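Encoded as structure tokens, the following chain is the form predicted on its own, with no partner shown.
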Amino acid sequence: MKKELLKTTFCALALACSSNGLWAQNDIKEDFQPSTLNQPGQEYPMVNSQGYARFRVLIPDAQSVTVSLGLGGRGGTKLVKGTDGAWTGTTEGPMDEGFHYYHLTVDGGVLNDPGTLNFYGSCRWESGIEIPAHDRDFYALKKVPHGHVQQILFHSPSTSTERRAFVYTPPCYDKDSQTRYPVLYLQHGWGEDETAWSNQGHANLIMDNLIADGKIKPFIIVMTYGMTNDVKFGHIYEFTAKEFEAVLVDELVPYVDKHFRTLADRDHRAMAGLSMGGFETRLITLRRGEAFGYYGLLSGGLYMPDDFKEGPQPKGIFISCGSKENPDKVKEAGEALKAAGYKATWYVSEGTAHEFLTWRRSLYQMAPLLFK
């Protein structure tokens, strides 16, 4: 009896340890390589072929170091101090492919990892790590003709401020001074800014590769701050985007049409956004349908046929999300729009959640559908 009880207890303990990742790490492959986003010459953080991430930071006087990058709300990855004063640790399990923000919590204080580059997210500059994706070729930096991402500064009478945007022009833009191009106004998510789509999203590289492969006709992309970061958690539905609507539609669009060779009509103008940028895209396109002909929501809500009972009708609709988000609702909305006669496309990024690989893939799928 005691022997059976001991055996049962041991099996239960083994199952618990395995489910908590305590023993599973014995199966980790030791083929770690420095993350592609590391600072020059820095070895850590590292990633392996299974998607695990490993960290090492030298903070000899610290009492506790945790990396926010973790799994399922389990408190992140706790690092262990070595005799050399360096703190080291490996994620409990493999991470989703693609880009992830993270930071260090050192004795209760939030710091960035000195080993990696910083990216603006969560309303602050965060550390970034890249888990190599199996399909990363579509956003890879290749030997193809490259477009140009330039900063522009424009005056906003409605806010009495000088504002910034980034504009992607395709590789052919400067070779022919007569050709005019459609424009996509592409919005970031909450906590991010106008740098996100170029830095975290690789929008320019996605466009360069699509153009080089002959999969799209070139167009311009404009990325500006969506004025989203004053919205606090739990209050998103109080956000009307009306202040940003004035900046975007009444000030930035005319500025871009004046200073770039655009096709300045709704049939050649699109608006899309990820997450909260999709939320404001939905609000603005439904109020100002005369300004945009193509709409895209990337993990940013849904359109339904009843949304378009009044006003100009969309020429094209794209909605997407990750398979770990709400794929059934996206599919249902997409099919309902198509059944109602709208030119609508839905897309689900397999194996990803609310993260940049979802949105990189979504842009890749959406871009060839615009301005047809």
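When you see a residue number, it is the position in the sequence shown, counting from 1. Because the structure is predicted, anything quoted here is derived from the model rather than measured.
Beyond the structure shown, there is the form predicted together with a further copy of the same chain, which is absent from this document and is the topic of what follows.
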property	result
Contacting member of Leu141, Ala246, Ala212, Leu286, with respect to a further copy of the same chain in the predicted bound form [4.5 Å, heavy atom]	Leu141
In the predicted bound form, the residue from Pro114, Pro132, Gly82, Pro254 that sits within 4.5 Å of a further copy of the same chain by heavy atoms	Pro114
Tyr120 within 4.5 Å of a further copy of the same chain in the predicted bound form, heavy atoms	yes
Pro40 within 4.5 Å of a further copy of the same chain in the predicted bound form, heavy atoms	yes
a further copy of the same chain contact in the predicted bound form: Tyr181, any heavy atom under 4.5 Å	no
a further copy of the same chain contact in the predicted bound form: Leu58, any heavy atom under 4.5 Å	yes
Partner-proximal stretch of 103-111, 274-282, 215-223, 295-303 relative to a further copy of the same chain in the predicted bound form, 4.5 angstroms, heavy atom	103-111
In the predicted bound form, residues of 124-155 near a further copy of the same chain [heavy atom within 4.5 Å]	Arg124, Trp125, Leu141, Lys142, Lys143, Val144, His146, Gly147, His148, Val149, Gln150, Gln151, Ile152, Leu153, His155
